[in-house]
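Two forms of the same protein chain are encoded below as structure tokens; each is given separately, as structure 1 and structure 2.
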Structure 1
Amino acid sequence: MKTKLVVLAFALYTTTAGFAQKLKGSDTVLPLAQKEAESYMKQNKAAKVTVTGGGSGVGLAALVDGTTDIAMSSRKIKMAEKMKLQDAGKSVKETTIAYDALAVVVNPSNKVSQLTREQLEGIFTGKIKNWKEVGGDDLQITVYSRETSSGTYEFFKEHVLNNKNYASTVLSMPATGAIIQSVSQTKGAIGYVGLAYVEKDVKAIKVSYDKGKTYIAPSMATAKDKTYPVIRPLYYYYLSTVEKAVKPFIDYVLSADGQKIVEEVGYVPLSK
């Protein structure tokens, strides 16, 4: 009897260990990964994928500790994290699974409907303080941003602010929903949100990366053909030692089916 139980437990352990995959990390990637996992498990009855959030830093730390198989991240792995993995004798692999376009949004009552990258830099670093300096009404600009440690914050800083720091007077909000809420009720507000979150309470503005020659409105179409410039990749990180185990799931995410889900969730699929 006892041996039977042990055998049974062992069998259970090996089958689940063979298929169970743990994903952990970025809250931006979380809704996408959850959807992908659900439909993947529907197709492969034996497979088991569990997805948890916590943030890109949490996911990558878990990868170092070995408590997750795949770390989801909305930013590139940092040098310090890479070195930690190296010290532990592990090497990490990176896969881009989708893109996320960021839209710059203002209050619907704002006259301004287009800005250049340079103007955005001025506004977010605190050099431009009034809407009349960029062709709007005489109104103080209130800047909303995401939290300092979110991947979105870092990306916006690198690509729009040219690596300069935000002004310290920038208001930072804990979530995208809070930014939408605040921008919709503050007249002089400006903020940035993921493309999927743009709704009628806020106005997405056109952005120019060529000093005002062409302004491009954020939309799924412009994001897909890469004419819209403010777009960032989302990543999965995994150890090269477990590549075989995680490969089927990652292949599924990269397949046509998987990329269809990407678009359903509101992110930009990888272009073929």
Structure 2
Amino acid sequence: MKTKLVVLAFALYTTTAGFAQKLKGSDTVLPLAQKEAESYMKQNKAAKVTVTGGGSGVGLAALVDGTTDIAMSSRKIKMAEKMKLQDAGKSVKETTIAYDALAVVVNPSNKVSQLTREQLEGIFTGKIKNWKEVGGDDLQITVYSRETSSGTYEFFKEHVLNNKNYASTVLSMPATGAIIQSVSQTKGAIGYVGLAYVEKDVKAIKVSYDKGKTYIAPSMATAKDKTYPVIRPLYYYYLSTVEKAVKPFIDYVLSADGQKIVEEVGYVPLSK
């Protein structure tokens, strides 16, 4: 089940007995966390869970300064973030909650339907500026990216661009929904989003990581069998001091019911 995801912040409130949990961070994880929280609170009437986005870096910064209980992240915690927590006498725990296929999307009118990793690197670093250079129309490429606080931005830079810098002409978007909207409205546009965000208003392209020998489209099936090359884990980070309080919710996310929601929302469940 895939729905149009335009909500960037979400809060759920019920009467609470005990710990009120706050989740903050990755916009990729956001729609999944929303659904998990909603389902969890239906089963646990005394629970209160609040979920907001902002990016992986924002969530981890909130964990450092004590304004969230769980940081949602689409990337690994950085050493600098770990050091800040250690300096504050805090110990952090990591849980993988699901996997995500990172889809490259273009405007549906674009006749280009497949690109190699090298071509993607050229496009996002500014070496390739026109679609005719990769088999498309004579049309300037408009590149959209997430902003630097996004874990998706970091993951794409590391795993697709081979740690090369984005071009200065790349347009930074504050949230994934903004990328979908911009690509859908701009004929020469390209961007990247989590699999759950892919919808009919954009076209997901096939990607090759073997220099053009095989091209694989992002889908639940290719993500599950790991034939699609751009797969990443999604994380919850929390402090060991609140482990007992957050564990019931995290256990629910990892349960069969929770992992069923993972797939329903459009992410890849953990293999059991």
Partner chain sequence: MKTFYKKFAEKFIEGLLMLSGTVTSLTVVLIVFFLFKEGVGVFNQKPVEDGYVIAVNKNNPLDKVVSEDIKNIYDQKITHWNEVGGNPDSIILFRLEDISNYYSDEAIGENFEGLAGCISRLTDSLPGIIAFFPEKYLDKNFKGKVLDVDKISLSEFFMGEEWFPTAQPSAQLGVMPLILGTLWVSLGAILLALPLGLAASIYMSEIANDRVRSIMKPLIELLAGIPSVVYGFFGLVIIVPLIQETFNLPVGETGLAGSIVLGIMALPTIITISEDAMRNTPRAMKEASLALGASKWQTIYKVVVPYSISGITAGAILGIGRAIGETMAVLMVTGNAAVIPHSILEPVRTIPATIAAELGEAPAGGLHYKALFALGCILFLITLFINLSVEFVTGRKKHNKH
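Each residue is numbered by where it sits in the sequence of structure 1, with counting from 1. Note that this is a predicted model, so its numbers are computed, not measured. Here the rigid core means the biggest group of C-alpha atoms that line up within 1.5 Å when the two forms are laid on top of each other.
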Q: Decide which single structure shows the form predicted on its own, answering 1 or 2.
A: 2
Q. For this two-part rigid motion, what is the smaller part's turn angle between the two structures, in degrees?
A. 17
Q: Any chance you could measure the C-alpha shift of Ala71 between the two structures with the core superposed, in Å?
A: 3.7
